[in-house]
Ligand code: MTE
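Starting off, we have a lone chain in the form predicted on its own, written out as structure tokens.
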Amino acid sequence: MPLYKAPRIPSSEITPRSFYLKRRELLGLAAGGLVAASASPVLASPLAAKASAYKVDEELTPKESVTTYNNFYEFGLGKDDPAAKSGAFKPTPWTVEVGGMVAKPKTFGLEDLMKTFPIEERIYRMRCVEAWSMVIPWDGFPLAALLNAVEPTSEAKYVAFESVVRPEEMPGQSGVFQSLPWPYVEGLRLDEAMHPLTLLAVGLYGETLPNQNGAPIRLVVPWKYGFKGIKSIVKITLTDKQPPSTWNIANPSEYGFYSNVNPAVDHPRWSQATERRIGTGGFFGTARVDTLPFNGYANEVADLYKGMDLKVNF
């Protein structure tokens, strides 16, 4: 994968002036959901992020697309539900409990995390199992830095993640519209979690993370499908057993533990060979591109799975 160091470009210059929201999301704006989220002082706060070598030489997805076309089922099933329905969510104050098989368990405040671990900007390809993709400038710090701070024991083999449960603020967690068991849970093998590409993101486009994108802290693993991007994390646990993951629990025949991008293996209901790049060719991203093994990060991560059958361990 070619890497380059690019200057920071203000999001106002990256986003095309001719780009407009589709009608349904415009109605959501009028209803006040995204307006409320955008007015949040957390969302409006700039981040001081240093440049990173982890950048792909591809056109960035417009900021409007990144912040209005999301999977975040705690707020609803529609792609525009997170932006329209997350205005009441309160991402501060926030703590993340880190424990399990570690020598120094600790509960971190969000401010502690952002002061302790230097924030950097990384431009990553991100792909969803639904065959759409984006190129996003994330701001965050390596998960490995946090794990090293709590000192995993020799018995630790996996990292489990858990998201927040607030049905009073997250309408997808209550009533007849619940789609999944809560809390949302996810897991990585320890070597995957310690890989330098694995990021805990606290922002995008140089601003603190919007509610609809997983505020205030979320997981970003660029060589895996999107459901390995657990949002609004409150707990991280080191363990010697493979942890459960929400989509694997919900539908194990379609969603495996590893979730590596593999264009040679079709999803049971659609092909994974190509993807729609959101924000190109209109809002729905009519432009299609070939899907790359490990989402284009094979040079960096393929050795993690040497000897594994990636059709069986999907």
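Numbers follow the displayed sequence, beginning with 1. None of the values given here were measured: they were computed from a predicted structure.
The same protein also has a form predicted together with this ligand, omitted here; what follows describes it.
*Asks:* Check each of 245, 70, 259, 61 and return the one that places a heavy atom within 4.5 angstroms of this ligand in the model of the complex.
*Replies:* It is 70.
*Asks:* Of 198, 163, 208, 133, which residue is found within 4.5 angstroms of this ligand in the model of the complex when only non-hydrogen atoms are counted?
*Replies:* Flagged contact: 163.
*Asks:* Among the candidate stretches 100-108, 150-158, 208-216, 114-122, which one is within 4.5 Å of this ligand in the model of the complex when only heavy atoms are counted?
*Replies:* Heavy-atom contact with the partner occurs in 208-216.
*Asks:* Is residue 231 part of the interface with this ligand in the model of the complex - any heavy atom within 4.5 Å?
*Replies:* Yes, residue 231 lies within 4.5 Å of this ligand in the model of the complex.
*Asks:* When the contact criterion is heavy atoms within 4.5 Å, does residue 223 count as touching this ligand in the model of the complex?
*Replies:* No, no contact at 4.5 Å.
*Asks:* I'd like to know whether residue 227 contacts this ligand in the model of the complex, with contact meaning heavy atoms within 4.5 angstroms.
*Replies:* Heavy-atom contact with this ligand at 4.5 Å: present for residue 227.
*Asks:* Any chance residue 184 has a heavy atom within 4.5 Å of this ligand in the model of the complex?
*Replies:* Contact with this ligand, yes.
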